[in-house]
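First, one chain by itself in structure tokens, the form predicted on its own.
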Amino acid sequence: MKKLFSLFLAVALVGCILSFAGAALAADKIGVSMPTQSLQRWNQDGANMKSLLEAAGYEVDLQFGGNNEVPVQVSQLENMISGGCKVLVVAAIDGSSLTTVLADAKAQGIQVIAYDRLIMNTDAVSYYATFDNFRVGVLQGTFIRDQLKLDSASGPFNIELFTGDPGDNNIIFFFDGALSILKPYIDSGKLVVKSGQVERAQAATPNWSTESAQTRMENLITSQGYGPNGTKLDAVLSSNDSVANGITNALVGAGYTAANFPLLTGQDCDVTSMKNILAGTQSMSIFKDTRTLAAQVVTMVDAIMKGSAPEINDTKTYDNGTGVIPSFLCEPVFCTKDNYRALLIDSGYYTEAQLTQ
């Protein structure tokens, strides 16, 4: 009987040890909320983040908000909060739509990192990780200025302006950055926006939609008489690649070819746009290496989980309506057919086959 009791006690003790060990080994869960799987860049961002967080020892709940569907993203965040996530990394579909759900996160002590899109009007956001979005616009505007030789050529040159979704706070920085370079030439008459659509709201593209951008460009072609044999269009400012793709579709449909294509900017170096750049129907795209941004966010998450302050490099720029959010800004660069190989192929971001097939 004594031996049987000892054996029972030993088994129970081992069970307790294993139970405690299992609890100790259980990984902390991090929630990652991306806006959609319909754009290549968000798939890459999500995959990069998940891979790096898991390599750092965390369990990851990665969710995509349908096709940019706010109610879907809100529901997913609710599940992450109730599911025990310790930190939320959120790329918001609509920067002003998450106030209530993130208030619940704050009430439970869950810290929130806004990812590449500032979440507005909530004090639940602890940190913001993004690229220098004003710099993105400056690079696009500078490219147009330099390619048209606006400081030496007589002009005038015709340009039209496109930016992204009005619910995305980033368009303020993209558009204002570009206009910080281009507006003096618009004011002097060297650059002419024939449509008169020079305000951010007039240039906005709901949901960054390729189809909406194509429709608007088609309307501009018709109303302003742009075409290879009509009114010359020298440049189109586009804040990102999904919008640029719609513009390209409209211009190709109007008869433009690589030989006479207007200057066209973009952002994200999506595969379709890179193929267009190599074909001569898009001029440049801003390369924001999402591997760099994802790696920075992982270090921020790790610091939070270890009880220390994450590295930040901006404490002045990004006010979400409740105060300035401590931020880390990564540096964007511009990509053209002249430097794409070093930026994208040699770095392993893409394979040659992805851009040539």
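Please read these numbers as outputs of a predicted model, since none were measured by experiment. A residue's number is simply how far along the shown sequence it sits, counting from 1.
The next section is about a form of this same protein that is not shown, the form predicted in complex with a small molecule.
Only one of R145, R216, K190, R117 lies close to the small molecule in the model of the complex, with a heavy atom inside 4.5 Å, and it is R117. In terms of contact with the small molecule in the model of the complex, the residue from A294, I325, V60, L39 that brings a heavy atom within 4.5 Å is L39.
This chain is displayed without the small molecule, yet in the model of the complex the stretch 165-173 from 165-173, 250-258, 180-188, 69-77 comes within 4.5 Å of it by heavy atoms. Residue contact with the small molecule in the model of the complex: N240 places a heavy atom within 4.5 Å of it. Contact check for W208: a non-hydrogen atom falls within 4.5 Å of the small molecule in the model of the complex. Using a 4.5 angstroms threshold between heavy atoms, Q267 counts as touching the small molecule in the model of the complex.
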